[in-house]
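Below sits a lone chain in structure tokens, taken as the form predicted alone.
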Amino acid sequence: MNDKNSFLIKAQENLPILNYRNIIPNVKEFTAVSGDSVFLDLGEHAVGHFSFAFDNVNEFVDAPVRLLIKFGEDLREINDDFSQYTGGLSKTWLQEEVINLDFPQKIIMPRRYACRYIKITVEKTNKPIRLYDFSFCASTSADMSVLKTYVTTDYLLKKIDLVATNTLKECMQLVFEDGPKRDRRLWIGDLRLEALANYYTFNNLEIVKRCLYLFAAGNMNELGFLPSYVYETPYYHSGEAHIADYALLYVVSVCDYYEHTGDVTVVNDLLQLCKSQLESFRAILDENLIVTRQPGWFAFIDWCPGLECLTALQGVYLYTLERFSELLKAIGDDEYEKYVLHLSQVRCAAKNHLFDERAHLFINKLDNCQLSVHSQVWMILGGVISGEEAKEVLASCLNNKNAKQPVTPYMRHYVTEAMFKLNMQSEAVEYIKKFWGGMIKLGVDTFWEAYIPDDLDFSPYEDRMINSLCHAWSCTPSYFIRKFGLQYPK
């Protein structure tokens, strides 16, 4: 019986095992008075729980000791003044704690943190104190013993792969989290990209199945779309956002899973749900088979400010239809031909109504005549144009300073995917090295949620301090590098 409870049961049956290890920072102990601070460096980005011990020095501390403990994913964050935060997301995501200690003891901090650096400031003590036995217990459901080193003579590609796999590892907890510092939940857009990278690195199939079933148990909105995110701790809760492109990419995630595993059992469990997502989307097409705008925030595509999403969303639908048609053919589903016919009709409609023949680009009134890389990429991935025509369109837009450009590694993934679809491997390698390699040059341990090379202060939330510096959707260079055996183009 494929009801919500049965999906939750199957999700629980695929609960991954967390692997733990203790990381000892660079400082062993610290003697302090009021106003003193100590910086701890874990030597790597880690997700987990921090502990330390507190004791007297010469005299008994007869009043509570107050400590301010701050966690940062990089040096810039650890030195930020959190009191100056003005962003749109809750300030409580900033990793800073004030604790009062009444007597010498071992302290195991109850919250989980994502960090490389820890700063402890003694705000008040009436006697000198000793802090020592610092330890960070890191967790991940990724099994590092199965990860094979990628062999290449290209140092930058090797480094990009290393940081990408580390980013994925940090986000693999009991689900594929979007970011272990902030949000810390399961989003469809991140799930799809994490699963792709996982197949070529840790190959943890249980966590993929768990995530697919958790979404299957979610509450649909009035349009019939799956929730775009869910919580699984401390109990299951279905998210309130229902983003159309994410609902479609859930279907693609099921197709990816089958392509990688051939597991018909999971597909059969989720097949009707996948069909319902496509039928729900079909219901918001107009008489010309073009998607219509819906009330509220109905598409994501990218965090690019001012982005018009309709053409790109049409491309996501086509991309999903093609992948789902391939799945139906593989499993011998009777509705295969129906979906193939619809795919062909929607492709023709997209070319007729969304493509400007004079500009030779996807520019149209439905998107307020905006030119964006996003529209071109998703029309290519949706198969509306191909071959040399598609290469010219993509190159023209990428090199146009007036075009809206991607700002997240999430959208950069789909730009790269479009390049591989067009057999532009050399260009794809250069694109990966320029974008993700740009973060490498900044000395990152993990890849970021949002990155604009010329604007390191950019934030979708009006304040850089809240940005996630270890974000799931940035991990896919490992997928491309390992799937295609990338080397530096000769």
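One rule holds for the numbers: they count along the sequence shown, beginning at 1. Every value quoted in this text rests on a predicted model; they were computed, and no experiment measured them.
Note that the form predicted together with a small molecule isn't included here; everything after this is about it.
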| item | value |
| --- | --- |
| Residue 336 within 4.5 Å of the small molecule in the predicted complex, heavy atoms | no |
| is_contact(residue 367, the small molecule) in the predicted complex, heavy atom dist at most 4.5 Å | no |
| 4.5 Å heavy atom contact, residue 161 and the small molecule in the predicted complex | no |
| The small molecule contact at residue 479 in the predicted complex, heavy atom, 4.5 Å | no |
| Interface segment, criterion being heavy atoms within 4.5 Å of the small molecule in the predicted complex, picked from 69 to 77, 186 to 194, 166 to 174, 124 to 132 | 186 to 194 |
| Complete contact of 182, 300 and 449 with the small molecule in the predicted complex (any heavy atom, 4.5 Å) | yes |
| 435, 30, 461, 39 - the one with a heavy atom within 4.5 Å of the small molecule in the predicted complex | 461 |
| Option touching the small molecule, based on a heavy atom within 4.5 Å in the predicted complex, out of 246, 257, 319, 202 | 246 |
